[in-house]
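The chain that follows stands alone, in the form predicted alone, written as structure tokens.
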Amino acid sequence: MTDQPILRVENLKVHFPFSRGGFWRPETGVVRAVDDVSFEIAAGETLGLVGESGCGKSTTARAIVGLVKPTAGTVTLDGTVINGLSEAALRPHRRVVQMVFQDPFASLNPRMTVGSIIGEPLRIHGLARGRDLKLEVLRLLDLVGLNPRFLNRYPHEFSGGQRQRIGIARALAVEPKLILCDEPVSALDVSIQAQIINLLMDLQQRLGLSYLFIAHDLAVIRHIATRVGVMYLGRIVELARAAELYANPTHPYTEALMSAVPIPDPVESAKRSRIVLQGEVPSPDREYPGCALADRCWLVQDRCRTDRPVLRTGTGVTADPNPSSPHQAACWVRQGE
């Protein structure tokens, strides 16, 4: 790995304004989909991002690639701050980062053949033409485990797993350094999920790729991620190496998530107690001065309701033997303060 990260996200915010109510009593506000998120991804690393639906995982990824406009913060890609650049200035940097979407059918144009779908990025960026383009598309099909004879077929002629392989081939076409995987296996059968995960890990080893991998399934994240970030209501509340996070979850929300993961061993499962978060689920259109989990947390103190905790390594956080990726949590109680 190099010293300079492939991706650095600093204080990223994505707020969506809304209005509701009638003509006589209009009400306006903002939904804080992403609220002050910071992290880095090194070359060859996989950062897993987990959390419940609506916590801001996918919006974070879309802000990085420019599909939504950040409200504040900076996105630095391979040493260049890319948010705020014009479309023309941004085009060369689009080759550095690509995205694989959750729905492998909705993300493919049903009117285009597989050859046209995979070849389109090559044409747009002027990387290949004519026979060379066809040969490169055939190489990419083989790289992701698809028969080159499928070149002239349409997306509806493939299974879900095959469609996702097409999406991966399209992302690889421009030789990116970073791929954002937005729940790429959640719409697939379990057996097919394993095949896609193994494919992504094999491609990472062969091509030196970095991943931002978003998922609900904690078992999937544990298998593929180097480090894991846990999101809650638009903020990262815990960040650590995968092995350390799963062995010693520190933030109360992370503990609750881990306690919900099924264990196949009935003996071990009987020993574990499930943590059920009580209280009302917080709303992203409300600004919380302190910790957003305060109303549901069994460790809550007065300070939790008034002061927002920040990610840091405190006296209550398990010491991490790797100082380059410390175990951090945003919790006043667990930070020992």
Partner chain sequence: MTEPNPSAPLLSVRDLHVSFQTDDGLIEAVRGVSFDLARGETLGIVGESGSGKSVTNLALMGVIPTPPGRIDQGKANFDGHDLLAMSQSRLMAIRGRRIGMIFQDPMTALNPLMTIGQQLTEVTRRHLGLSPTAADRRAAEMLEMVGISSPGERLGDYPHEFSGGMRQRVMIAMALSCEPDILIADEPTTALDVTIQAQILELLAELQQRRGTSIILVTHDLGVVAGVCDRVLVMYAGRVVEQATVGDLFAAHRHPYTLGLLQSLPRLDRDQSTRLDAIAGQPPDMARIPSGCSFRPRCPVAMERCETDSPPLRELGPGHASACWHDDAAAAKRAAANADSPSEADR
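Just so you know, these numbers come straight off a predicted model, no measurement behind them. Positions refer to the first chain, counted from 1.
Keep in mind that the form predicted in complex with the partner chain is not shown, yet the notes after this line are about it.
Contact with the partner chain in the predicted complex, defined as any heavy atom within 4.5 Å, is confined among 113-121, 186-194, 67-75, 131-139 to 186-194. Taken together, Arg235, Pro289 and Thr313 are entirely out of contact with the partner chain in the predicted complex: none brings a heavy atom within 4.5 Å. Not displayed here, the partner chain is kept clear of Glu175 by more than 4.5 Å at the level of heavy atoms in the predicted complex.
Among residues of the shown chain, His125 is not one whose heavy atoms approach the partner chain to within 4.5 Å in the predicted complex. The partner chain is not shown here, and in the predicted complex it never comes within 4.5 Å of any heavy atom of Asn152.
In the predicted complex, none of the heavy atoms of Ile214 sits within 4.5 Å of a heavy atom of the partner chain. With the partner removed from view, the residue among Leu207, Val81, Ala89, Ala219 that has a non-hydrogen atom within 4.5 Å of the partner chain in the predicted complex turns out to be Ala219. Exactly one listed residue, out of Ala42, Val30, Leu277, Cys304, brings a non-hydrogen atom to within 4.5 Å of the partner chain in the predicted complex: Leu277.
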